[in-house]
Structure formats: structure tokens, C-alpha cells
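The form predicted on its own is given below as one chain in C-alpha cells.
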């Protein structure tokens, strides 16, 4: 159980990015009535942006 929690917390920035930031970004895009490029869905854009931010936080070890 401890190994599972340690592994889960190691990927915390990515879990936060995909679980919280991606839907938040998608809702902001929809609320502002912005049309995503290339006909992408707002959630797809949110997943890509959140993935980039989460990966940067994962590699750097911090969000800021």
C-alpha cells in the first residue's frame, strides 16, 4: 500500500493537471465563447494545455 501511495504522489502534478486543470481550461474556453483552433473540442485543448503544464511541473518538481 505504501508503494502504491508513493507512486501516486510521485505523479501528483500530472494527476492534478489532467483531473482539475484540463476541465477548468475547457470550461473557461466555453464560458468565454472562444473557438479553439483546427476545430478541436474545448476539452482537447484543455487536455493539451494541462498536459504541458503538468509535464513541466513534473520535470521541474514545482509549479512556479
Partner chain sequence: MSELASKSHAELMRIERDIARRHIGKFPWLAVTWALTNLTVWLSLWPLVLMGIIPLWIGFIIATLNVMLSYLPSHEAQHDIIALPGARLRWLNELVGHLSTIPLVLPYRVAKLTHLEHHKHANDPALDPDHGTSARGPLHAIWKSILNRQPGNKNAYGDTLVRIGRPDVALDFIAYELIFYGTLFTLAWTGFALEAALLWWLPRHIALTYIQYYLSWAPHHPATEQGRYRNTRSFRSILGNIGSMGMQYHVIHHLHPRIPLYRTPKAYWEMKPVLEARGARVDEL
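Given the structure is predicted, the values throughout are model-derived calculations rather than measurements. Residue numbers count along the first chain shown, from 1.
In what follows, reference is made to the form predicted together with the partner chain, a form of this protein that is not presented.
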Mark residue 13 yes when one of its heavy atoms lies within 4.5 Å of a heavy atom of the partner chain in the predicted complex, and no otherwise. yes
Contact between residue 49 and the partner chain in the predicted complex at 4.5 Å, heavy atoms? no
Quick one: does residue 40 come within 4.5 Å of the partner chain in the predicted complex, counting heavy atoms only? no
Should residue 8 be counted as a contact of the partner chain in the predicted complex, where contact means heavy atoms within 4.5 Å? yes
